[in-house]
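In the form predicted on its own, a lone chain appears below as structure tokens.
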Amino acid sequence: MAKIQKTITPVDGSVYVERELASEAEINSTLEKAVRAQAEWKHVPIEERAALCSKAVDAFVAKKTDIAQELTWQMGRPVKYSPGEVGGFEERSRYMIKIAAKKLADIQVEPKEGFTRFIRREPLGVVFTVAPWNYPYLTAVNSVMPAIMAGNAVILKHSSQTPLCAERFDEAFKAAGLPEGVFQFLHLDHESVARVIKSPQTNFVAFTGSVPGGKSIEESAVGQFIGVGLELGGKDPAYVRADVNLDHAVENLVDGAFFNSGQSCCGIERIYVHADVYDKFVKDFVDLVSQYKLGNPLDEETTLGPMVRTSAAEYVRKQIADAIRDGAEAKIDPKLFPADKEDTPYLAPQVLLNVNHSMSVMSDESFGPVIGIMKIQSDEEAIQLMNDSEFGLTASIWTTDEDEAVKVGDRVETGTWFMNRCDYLDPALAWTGVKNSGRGCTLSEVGYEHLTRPKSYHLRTSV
């Protein structure tokens, strides 16, 4: 009997989607089909690949309204914001399609008499993408679209919380006329994910998720001699300098901390504010957070939806309670948010002062609507505190001095360094992390290097 996967919506706790998990026979068939399709796809000219992928983007964007609605039902993001994910999908896709021809072109080396020499970028084969629920399209598209453009076949396994997202990818590629087998999806449990990774037909794994999940992926890949790209957790810091544009910083850091109910791997989770501007920053920050509206995400007026599940909300509630027990000061009264209820995923935002790095809320990934703010005295102190973390995905500085921003950034251990912005992926820049935030890279020209292998051509023309 087939195993059934059930998706419980955080909106009201009902079963929103049910899907059969793939059987062993279906997994084997999917892998075999991918291998056959990729053998032909890699010879399709890059211009034809671009045309088909562009049509897939067109087909996807045309379903924007439906996609946004079902996204809200699956993971709880307010419906007023869900269409933005379709926009991000389009931006990243079109950029990676645009740069593919140049990046995947042969690499020419200096001339040598009697020889023709160049390096060709070969596709890896079958790419297995394992995507999470929190930004289900944006995390998946980072590897799916460039992998296909590079001549690979892709198998997508999406989170059990967002299974319809995998099906929307498939729908778009089919509408575009992509050859059968170049893109496929599977609904899988953890054991079956490991089986796909261990298959000799899988050539690369792109995983976005938790640190424990990343360790499981690496364990499954041991001895397979395949590449593994990991985008894991974050505890991303922000440093507000004394020379900051305060209004701009407050507005953007509140959004960076609480958008998507704080459920972003690159969301702001800790803020360090120079003493000269601390009091004003805190006042304005708390005032703005207090204006959020927590409630049903299908309501157009809601700006803060539920967390993905009750257990996630309870984890953050415990972090907050533990911090307060240890001396933190809570600046937001939960009574301002009537929808906040114990034993539900609906959780009010919280701003904590008098925090320190001995507290879980300042050291462990929260992945929820809570932020700790510390007063500091100098750049040196900010650097030390920002680096005092097992994570290193993004970090940001809020200042009017670009030169100083670069100097500080050179000393911060992070994959992306922002000035006066946060919680954003620019497709022209490499998306990567250090320490427990992962390894590898997606997006940008550099991202294509991880989805191809170099093949050298050394041709003697004079004999």
Ligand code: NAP
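The structure presented is a predicted model; accordingly, all values stated were derived computationally and were not measured. All residue numbers are counted from 1 along the displayed sequence.
Quick note: we don't show the form predicted in complex with the named molecule, though the next part is all about it.
Exactly one of the stretches 225 to 233, 338 to 346, 79 to 87, 169 to 177 approaches the named molecule in the model of the complex with heavy atoms within 4.5 Å, and it is 225 to 233. Although the partner is absent from this view, S143 stays clear of the named molecule in the model of the complex, with no non-hydrogen atom inside 4.5 angstroms. In the model of the complex, the named molecule lies farther than 4.5 Å from every heavy atom of G151. Within 4.5 Å of some heavy atom of the named molecule in the model of the complex lies at least one heavy atom of H190. Although the partner is absent from this view, P123 stays clear of the named molecule in the model of the complex, with no non-hydrogen atom inside 4.5 angstroms. Among P237, G372, G209, P297, the residue placing a heavy atom within 4.5 Å of the named molecule in the model of the complex is G209. Interface residue among V127, A131, V361, M75, judged by heavy atoms within 4.5 Å of the named molecule in the model of the complex: A131. Of the residues in 88 to 108, none comes within 4.5 Å of the named molecule in the model of the complex through any heavy atom.
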